[in-house]
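Read on for two forms of one protein chain; each stands alone as structure tokens, with the labels structure 1 and structure 2.
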Structure 1
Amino acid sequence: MGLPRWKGGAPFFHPGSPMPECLVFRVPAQHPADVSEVMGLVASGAVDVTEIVAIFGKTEGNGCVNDFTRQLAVMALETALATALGCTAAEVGARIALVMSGGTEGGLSPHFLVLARRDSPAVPEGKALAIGTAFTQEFRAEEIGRMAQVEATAAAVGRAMAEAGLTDPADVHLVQVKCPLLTSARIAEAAARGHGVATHDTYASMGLSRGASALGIALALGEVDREHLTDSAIGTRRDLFSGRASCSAGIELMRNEIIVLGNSQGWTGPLAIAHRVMDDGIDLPAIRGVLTDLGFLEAGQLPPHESERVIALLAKAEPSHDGLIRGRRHIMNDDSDINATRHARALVGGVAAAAIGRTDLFVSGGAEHQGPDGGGPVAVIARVRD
């Protein structure tokens, strides 16, 4: 059954009719291809494989261009899910958004988040977690990091919001995107067709792709004006950003995969989501603010019973370009041995883990146009009712 019918701008339900419910499961991974715990959810009956709409994964690679742990995890998931669904691996990728984010520096723990949608008995109890997904077309290499990617992402965010029944952008708390990057082969293929690309630096292409995707989210949610967006603004206008975008680039795809998460009266279930924007990598009050928004009362680190109410924390991490955190120098941008985004993930991961009391947190590096320079959005999905 589709979404509940809408009447007069508010959800209208027939007594006893089902409502959509968003389920989120967090499971550990022993290595990038270890999908046993994901498939264990299916085997146990916790979720039907046909209900799964997206899977987020934190893998222990370097998070850079050559991080093949993302692709390995996707291949393992597609293979296992194809068997369960009775379809091909390619068909799995066409129906389920697989968002792998490389890099578990510091104490971060590799894990998967399985997001599903099912129809449940209609028990309206206020707004509940809602999910919608959409995909762009596959991009040509010359479109990555440019306005074509911005516009396509904005349109896809609109489709995902419609699927989730989220008509008010204020009800959207996170838009997760997996986006492509440029490789030498992709750059050469574009050149053979007579087209130039946004950059010949393959690592820089990750940032431009994330940035274009984030600006597409900002455009869709009304956070930026279209008149300010140009190819030249991508990656340079740090004053233009979304406070609800989380974008991760990878070699394993050529399209954008979009997952919109928000709260809606048209959904049921015990879960809800909230977000804030971290001004810098040590903005603990922003994380505490999200927890307060979700009804957590503890002022310090969450005790174990409260920590387990947190199903997922998703945050972006980015070193500030001026080399300072609250006026004090950091060396993240100057380390020639370890990429700056890896430092940033470790820093934000440590701050977030200290607040939540757990290390299986989805902290993603590279926050171009995702929050202010040196900061980034942070969102928490939690159980707010029994």
Structure 2
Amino acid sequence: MGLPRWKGGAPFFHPGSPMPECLVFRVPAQHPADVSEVMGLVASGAVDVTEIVAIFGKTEGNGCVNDFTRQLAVMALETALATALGCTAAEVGARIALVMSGGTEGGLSPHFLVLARRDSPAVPEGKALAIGTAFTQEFRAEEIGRMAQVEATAAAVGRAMAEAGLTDPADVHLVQVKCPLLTSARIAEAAARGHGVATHDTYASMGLSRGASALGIALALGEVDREHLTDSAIGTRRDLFSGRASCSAGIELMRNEIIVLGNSQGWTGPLAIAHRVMDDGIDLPAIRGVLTDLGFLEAGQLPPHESERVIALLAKAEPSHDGLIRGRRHIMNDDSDINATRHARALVGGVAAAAIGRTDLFVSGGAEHQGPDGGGPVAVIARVRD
């Protein structure tokens, strides 16, 4: 076959014996509640509904406080999947992690990523994409955005790695976390028990929860020293971060839900994942580096047939706090008409589309402790074998 050989280890399983395979499908959405293409995958037999582990959705809201497109997409997915699974809508959420990210600024195109796991015949090809999931216990309000959340997340990342058969942190390329936030009711309940919380600003609690989760990932993957981590470091020590974390906060849960993606000898299939850290919002070389890791050797924009091999690009975007990109002023933080995270997603979306030649890319905002200030992790899942 004509695909460039992807760098990966040698096989150690017998060809033909059953092995887990992680499948990833990318389908468009005409509006936030348009799950027709997701369900089309089930209807066509491309995936069995019971194989679905997670669905990531890029929806066209503002990605901020009053972005109801996330909730709308979840409701549509739960309704449709409940029918297919023969369960209630509420039970869908317990089986399948639904991670919605609002904001398709610039040219970004709304879409869903469907991640599934099945047993497949092993092939002698080396490492393949692996997926593992785990949950923390439910947090009490006073734990959110604090070390308790960091440590519980780190432990859960370890369990998810084990489930995925990933033993070397270097094989982990993306850890997606869905984490809780504080509400007025939750703060009041903690106060009634005599406990204070990390912040009384419910919006700020989203950032602290994402940040604590990212630091938990960094701890699990050995990216930060345990000794530097304290409650006060969360949200302030921008030099401490994970290069593989992608965290989003949601009101509908009180625990952290963790999805680890990496490459493993114990998995089969044509897909693999790689990542790099963008130093700033225009770090095209970082994206090119990920592509090179995956065997894309062209220097410029991927031509169409190569672009199709990229199943998913996932990147975090955030405005730099100093108001500069490589010494030049940006206006994101001073724009009272368009939220700064919206500018950042548009920018990173443009840079990523320049590399990939496509716009259905999963660029999300809110990158506390997820990459350096103004930058962020970027991961690519690609088909590296036929």
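So that the term is clear: the rigid core is the largest set of C-alpha atoms that superpose within 1.5 Å between two forms. Numbering for residues begins at 1 and runs along the sequence of structure 1. All of these numbers come straight from a predicted model, not from anything done at the bench.
In this comparison, the chain shown as structure 2 is the form predicted in complex with a further copy of the same chain.
Comparing the forms between the two structures, the C-alpha position of Leu182 differs by 2 angstroms or more, with the core used for superposition. Remark: with the core as the superposition reference, the CA shift of Ala73 between the two structures stays below 2 Å.
For Gly86, a C-alpha deviation below 2 angstroms is recorded between the two structures after rigid-core alignment. Here Ala192 exhibits a Cα shift of 5.0 Å between the two structures, evaluated on the superposed rigid core.
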